[in-house]
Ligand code: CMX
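Shown below, as structure tokens, is a lone chain in the form predicted alone; questions about how it binds or moves come after it.
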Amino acid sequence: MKTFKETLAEKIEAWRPRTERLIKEYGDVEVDKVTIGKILGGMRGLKCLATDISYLDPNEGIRYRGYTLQEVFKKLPKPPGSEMPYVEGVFYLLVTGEMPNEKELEHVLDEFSKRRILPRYVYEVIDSFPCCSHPMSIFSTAILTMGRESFFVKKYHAGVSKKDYWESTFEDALNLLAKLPEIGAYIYAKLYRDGKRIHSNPDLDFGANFAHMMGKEKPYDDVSRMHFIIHSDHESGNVSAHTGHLVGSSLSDVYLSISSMVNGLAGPLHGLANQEVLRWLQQLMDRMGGKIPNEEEMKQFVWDTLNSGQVIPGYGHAVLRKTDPRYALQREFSLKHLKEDPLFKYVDMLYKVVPPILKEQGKAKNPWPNVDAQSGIIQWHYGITEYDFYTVLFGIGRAIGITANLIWDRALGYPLERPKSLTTEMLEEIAGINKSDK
């Protein structure tokens, strides 16, 4: 049987001619129109990046290698007695484009297990942070510190062929991903559990081992698997994904690239939405005295919120035009395991009343909930009540997709990213604005 790496090597050799032909024969074909609105609007919606790992379909949500999330969760192998698939399986899918069979999965599980040991100096770096430090600062630094382990850097300085850059990047990706659960759990123990660490268990898979180190019993292992898989990729244009691509395009190693990805994810406009939703829900519960409102009371509250110029956190999406499939998967899990949780009852009630109200109001392009409307509530239910740690959970998942992208970026020889900038005056000239009009 071919190894994981040998399977990927065959895929790369078959794929390279497609990319080379597009550049050589069709390099002048126009794909999108660059407008002043897109330049000054953060390039939102501008089609100017390439990735085969995932695609965000406005009507179906995120697709991993062409599979909808529902298909991913249905087709990927699951640990015995578990509801959610192996995280290691989704990495195999993102890298190769194929669902792993039992033998292939066993190989990936073994690769992750034997690479999970964290160097002593990483614990020391984490321990050196003041107790009040933000977990994302520690997480980013811990990853950055491991750059000394980079196999890619050693091969690059030895003069390896450009066509082989992907191989050492693949090794770095596996080495880093296998250690992320330990890094995340150790940061949690340092900040929130008086440094009481729970050692990892080599016999457990990625999600189960993380749950074990967090001191959580079943079904938190499935919560972890679900959380990491649904957050693992989201095209390459969002801040965290694009930052990882951009830094990686300079041939920075995986550790530098993923550390920078974490820094982008930590920004309040990107990775903090689930915290804001949870905080808003808890304030709503306090306002209502802790009782579960009926539909009419909730409708009135939603209208009052909208009429005051505020938004309903967790609803709407820049691209999606239906309920986020990531939300739907979490909702299905919550209906089974969180049905009596007071916070979930609020979430459930909002799901019933908000979309019709937003449709009636007519301002929202997408009146449906997104992933953040549910994810924080599930973590809170299982005792992860420290808001600031939620982004670390997000980062562990997102690293899976970005490392898969970095491997393929190197395999296909994607160049250094270097867009051109214009001054405001140049844009005014393009727009035909006279100086007298300014």
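What we label the rigid core is the largest C-alpha set whose atoms superpose within 1.5 Å from one form to the other. One rule holds for the numbers: they count along the sequence shown, beginning at 1. It should be emphasised that the depicted structure is a prediction, and the values quoted were computed from it without experimental measurement.
Beyond what is shown, the protein has a form predicted together with this ligand; the following relates to that form.
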query = Looking at 365-373, 32-40, 378-386, 405-413, which one sits within 4.5 Å of this ligand in the predicted bound form if you count heavy atoms only?
reply = 365-373
query = Does each of I292, M298 and P356 have at least one heavy atom within 4.5 Å of this ligand in the predicted bound form?
reply = no
ask   = Taking this ligand in the predicted bound form as the reference, which of P325, P313, G97, P79 has a non-hydrogen atom within 4.5 Å?
value = P313
note = Heavy atom within 4.5 Å of this ligand in the predicted bound form, from candidates A318, L144, V160, I198, belongs to A318
query = Using heavy atoms and a 4.5 Å limit, would one call P135 a contact residue for this ligand in the predicted bound form?
reply = no
inquiry  = Test of understanding: in the predicted bound form, would L256 fall inside 4.5 Å of this ligand by heavy atoms?
reply    = no
task = Would you check, heavy atoms only and a 4.5 Å threshold, whether Y390 touches this ligand in the predicted bound form?
result = no
ask   = Any chance G207 has a heavy atom within 4.5 Å of this ligand in the predicted bound form?
value = no
query = Since the partner is left out here, which residues of 388-403 would have a heavy atom within 4.5 Å of this ligand in the predicted bound form?
reply = F394
ask   = After a core superposition, would you say K359 shifts its C-alpha by at least 2 Å between the shown form and the other one?
value = yes
ask   = Taking the rigid core as reference, does the Cα of Y188 move 2 Å or more between the shown form and the other one?
value = no
query = After the core is overlaid between the shown form and the other one, has the C-alpha of L306 moved by 2 angstroms or more?
reply = yes
